[in-house]
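We begin with a single chain expressed as structure tokens, specifically the form predicted alone.
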């Protein structure tokens, strides 16, 4: 409970910082929503009138204060261009992004730990092959890999759809099929990092005194590897998986554009092009909340994997 309370307290500060930085960065752009709405043919009078109507002529600190007042009352504003409430837009897009991120991170963790474990226990040519695969997986740019997968598996072989998203409620099979390529593209690079951490952790643990003691006591090798060695490398893996998940939020912006997925990344991209500040703020806060939840889950995994952490 102490850890949760501490994390929640720092999370409130983080949300304020993120919202303030978003306002500041958007104010530095050479254009604003009024100019985007009116285009380049509007007169200066029309431009100033629309700025006043949207509240963009007020000082930045006043705009930010008004925004915070609305947020505390449960109103995240409405889109300047569509008029749709920001909460509704995010609620419609969030399941798509989570459908990409959660399976992607699960595949990343499972594949990475499997390859790392096999690499640590293998000898000779198999270890070198696995190490090369991990190296290539970490070096390949994500955007290039996504485009290649679309070209090969969607266009040439026609195994999976190239673009689009099918809601799970509409068709579970169509939902799974549409996400195979984006999930694979998201997971491959992260799996390489998890594999390297797992391999190094297992090799280091195998040289520890407690492992030699367990072997001398006649404990089966499978029990030593699965119950003791992997558990002791779990904290390192959990840290890396948490970092990869957070990094995948940024990667999802590009993947949603490549595979035409209507998620938060696509919403943030279109809102940024339109200078739609209420939507940008809502997406930024939502992604920050996801980061906070992931960090709390990582902290709780430390407590589960290492009982000593509970007394610190």
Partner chain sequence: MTAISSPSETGVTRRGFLHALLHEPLAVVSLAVLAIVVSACLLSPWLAPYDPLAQSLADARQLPSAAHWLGTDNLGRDVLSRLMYGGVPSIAGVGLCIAVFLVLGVVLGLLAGYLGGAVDRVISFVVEILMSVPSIIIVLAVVSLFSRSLNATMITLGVLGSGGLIRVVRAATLKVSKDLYVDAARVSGLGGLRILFRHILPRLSGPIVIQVALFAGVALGVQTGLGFLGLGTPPPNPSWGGMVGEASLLVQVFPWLLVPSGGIIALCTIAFALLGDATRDSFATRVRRSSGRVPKRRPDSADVPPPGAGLLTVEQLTVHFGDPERPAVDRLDLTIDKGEIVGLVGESGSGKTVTALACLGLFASTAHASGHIWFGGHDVVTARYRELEEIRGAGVAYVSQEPMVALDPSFTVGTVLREAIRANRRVGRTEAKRIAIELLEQVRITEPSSLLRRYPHELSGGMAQRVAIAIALAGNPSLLIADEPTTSLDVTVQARILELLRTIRQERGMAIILVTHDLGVVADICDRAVVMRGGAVVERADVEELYAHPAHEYTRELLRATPSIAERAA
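Positions refer to the first chain, counted from 1. From a predicted model like this one, the values you see are computed outputs, not experimental measurements.
A second form of this protein, the form predicted together with its partner chain, is not displayed here; the remarks below concern that form.
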Worksheet item: At the 4.5 Å heavy atom threshold, is residue 168 in contact with its partner chain in the model of the complex?
Response: no
Discussion item. Check residue 34 for me: does it contact its partner chain in the model of the complex (non-hydrogen atoms, 4.5 angstroms)?
Written reply: no
Practice prompt. State yes or no: in the model of the complex, is some non-hydrogen atom of residue 199 no more than 4.5 angstroms from a non-hydrogen atom of its partner chain?
Written response: yes
Discussion item. So in the model of the complex, is its partner chain close enough to residue 257 to count as touching (4.5 Å, heavy atoms)?
Written reply: yes
Worksheet item: Looking at 71, 111, 150, 130, which is the one with a non-hydrogen atom within 4.5 Å of its partner chain in the model of the complex?
Response: 150
Worksheet item: Since exactly one of 176, 139, 157, 91 fits, which has a heavy atom within 4.5 Å of its partner chain in the model of the complex?
Response: 139
Worksheet item: Hey, of 79-87, 225-233, 179-187, 99-107, which bit sits against its partner chain in the model of the complex at 4.5 Å between non-hydrogen atoms?
Response: 225-233
Worksheet item: Which residues within 62-95 place at least one heavy atom within 4.5 Å of its partner chain in the model of the complex?
Response: none
